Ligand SMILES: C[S@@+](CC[C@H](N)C(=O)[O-])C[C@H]1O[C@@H](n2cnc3c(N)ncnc32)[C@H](O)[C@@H]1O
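Heads up, the chain below is alone and in the form predicted alone; it's given as structure tokens.
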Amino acid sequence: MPGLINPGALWKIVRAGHPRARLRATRDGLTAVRLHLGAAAVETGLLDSLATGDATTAELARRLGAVDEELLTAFLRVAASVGLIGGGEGRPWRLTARGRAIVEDDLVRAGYEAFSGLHSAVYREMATLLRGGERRRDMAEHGALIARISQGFESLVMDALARTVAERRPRRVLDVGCGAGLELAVMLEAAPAAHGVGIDLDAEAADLAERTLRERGLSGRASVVRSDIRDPSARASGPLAEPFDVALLANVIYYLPMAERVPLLRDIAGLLNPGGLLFLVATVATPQFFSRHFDLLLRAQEGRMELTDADGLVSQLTEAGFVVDRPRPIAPGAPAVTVTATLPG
């Protein structure tokens, strides 16, 4: 049987335009479609529904509140084609191992949610933004999601943080912008005699922190404050009134305009005992793709957010009154560093 593709026609395709770029565009496009498909499978409740048990299309329509069963069937077929679900063709739909990983691993789930929206919406709206359109509010509106997706970076600094806290044997530890509370929990576990305080402006993130502490049996040794560390009234009384021996500022400083960063660091210094330690974690400005992307995402927000380089962090900490150690990358090639800074005794 003769081939369906004429060699001459195939040669014309290869010679026309930029074949490698065409293949790359197709590959990237299909990856983007799979990403958004996974996000839709989360957002519609499809994966969570099948995690409770297999179901026919009609049963899924009832569970999901879908009124267009034909459209639902087409959606299910696409989800099955990439391995998120199985079944169909007269059999009940079921959750596959790939789909179950999204349900059971919150970092995987948060990845689909964040990269389909938070991290990519800025490019969909770039033309409008460049023409003076309204700035984005991702950082203000998606605090809980940012806290969840940040867990991927946080795991890379946990060992260093735990070692540092254990060596200091603090009586009180502070986590500024505590997010989901994972680092606060690590500090408390590394210093069994310590009491900890987490503070976060985002109420949903603070709720996550309280849940983390509760699940790890640490609620009795910690408090979570829903406030801004820069608010004098928050520092004047309550859990922040007594000084701390160790403070953590992880993945927070770049959410402030440059002019407000040294004052923030001075406010934290004011909460430390003489000789107290600040452990800072931050993505920094480098030529790498994620660093450039994150800097753009920050600059597209309301407020004057941006990344600084590692030397800039050192200068800001020094200006705030700290004695600063050399920044250390959290992993080879990663555009993020840890910095330890000590308040003079």
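Note that residue numbering follows the sequence shown and begins at 1. Quantities reported herein were computed from a predicted structural model and do not represent experimental measurements.
Missing here is the form predicted together with the ligand; even so, the following discussion is about that form.
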Taking the shortest heavy atom distance, is residue 228 within 4.5 Å of the ligand in the predicted bound form? yes
Whether residue 251 contacts the ligand in the predicted bound form should be assessed with a 4.5 Å heavy atom distance threshold; does it? yes
Should residue 247 be classed as touching the ligand in the predicted bound form when contacts are defined as heavy atoms within 4.5 Å? no
Residue 111: touches the ligand in the predicted bound form, heavy atom cutoff 4.5 angstroms: no
Of the residues 173, 95, 222, 205, which one places a heavy atom within 4.5 Å of the ligand in the predicted bound form? 205
Just one of 185, 79, 199, 165 has a heavy atom within 4.5 Å of the ligand in the predicted bound form. Which one? 199
Tell me which stretch of 185-193, 82-90, 145-153, 270-278 has a heavy atom within 4.5 angstroms of the ligand in the predicted bound form. 145-153
